[in-house]
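Next comes just one chain, in structure tokens: the form predicted alone.
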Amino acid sequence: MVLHINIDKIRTVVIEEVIEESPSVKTIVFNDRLSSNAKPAQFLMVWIPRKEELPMSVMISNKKDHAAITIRKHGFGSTSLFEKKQNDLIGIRGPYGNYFNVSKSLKNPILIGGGTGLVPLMRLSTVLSKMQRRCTIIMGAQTQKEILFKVILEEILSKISTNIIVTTEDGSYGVKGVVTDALKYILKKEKFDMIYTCGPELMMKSIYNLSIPYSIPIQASLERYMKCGIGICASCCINDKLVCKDGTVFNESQLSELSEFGKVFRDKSGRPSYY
């Protein structure tokens, strides 16, 4: 008998493990089969009881039928989630959204992420590893203490040809600078047939701009403020698109038509502001 679960109905899960990734970032692991089968770049709406509901990319877990979410301590909701402990309860809905497309003809992709934007790229890395695709990853952080998932990535990609480049803004580890500095350098030396990226929108806008003269296709997973995750509230709008329903992943053709990409964002009230 096949059990069909309504992804729009909140499911209560128990936090089984809390992993400290850095002083300001934690990963919460829980048992949920639907989440464990999420596609790269899909997200959950995570309910913190009596606090808030937040959109969170689905992180991988090495436990069967388990998934995870990675939180950076920042605002009221994320801080409330950051402070959760083992055996606490949270609610989840989803997974929602489209996902990174990996074609069979893909040969040499490059993955670029900053901070917790690396989360959907982790799930993508597992797909590329199974497909035995060579890949390059550029991962950015402010300092060495804030570098996320490097050891896990090395393990996931250990059986394929991989080039992992780490950048830190203060130069405490790897290449000094930001991910686009490393991208500018490597684009002059190597040809890629796809860019996958997730992270701060200004970063992704710069990556998109760099991709144009090299005619490299790009898929960017956008992060926007969301209240519902199912296309009702329109809080996550960018031009006439809703990130929760039309995304989170947009390709180069779609991005070219989004005049707000990298320029305009909206606060909790929906008022537009400029980066």
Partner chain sequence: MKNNSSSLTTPNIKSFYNSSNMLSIDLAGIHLKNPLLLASGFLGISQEIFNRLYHDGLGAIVSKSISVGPLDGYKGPTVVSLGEKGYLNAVGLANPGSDVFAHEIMNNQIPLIVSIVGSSQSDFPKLISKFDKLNILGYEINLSCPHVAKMGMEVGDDLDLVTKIIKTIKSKTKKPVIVKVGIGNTDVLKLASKIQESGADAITAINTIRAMAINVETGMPILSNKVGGLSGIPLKPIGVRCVFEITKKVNIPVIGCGGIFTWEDAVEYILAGATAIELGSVIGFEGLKAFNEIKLGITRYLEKKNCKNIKEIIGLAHKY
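Predicted model only: the values in this text are computed from it and were never measured. Numbering follows the first chain given and starts at 1.
FYI, the form predicted together with the partner chain isn't displayed, but the following is about it.
If you check the partner chain in the predicted complex, you find a heavy atom from every one of I10, R50 and E260 within 4.5 Å. Proximity to the partner chain in the predicted complex, taken as heavy atoms within 4.5 Å, picks out 226-234 from the listed stretches 35-43, 203-211, 226-234, 56-64. The closest heavy atom approach of R93 to the partner chain in the predicted complex falls within 4.5 Å. When contacts are judged by a 4.5 Å heavy atom cut-off, K241 counts as touching the partner chain in the predicted complex. Mapping the unseen interface onto this chain, V14 counts among the residues with a heavy atom inside 4.5 Å of the partner chain in the predicted complex. Contact check for L89: a heavy atom falls within 4.5 Å of the partner chain in the predicted complex.
In the predicted complex, the partner chain lies within 4.5 angstroms of at least one heavy atom of each of the following residues of 246-275: D246, E260, R266, K268, S269, G270, R271, P272, in sequence order.
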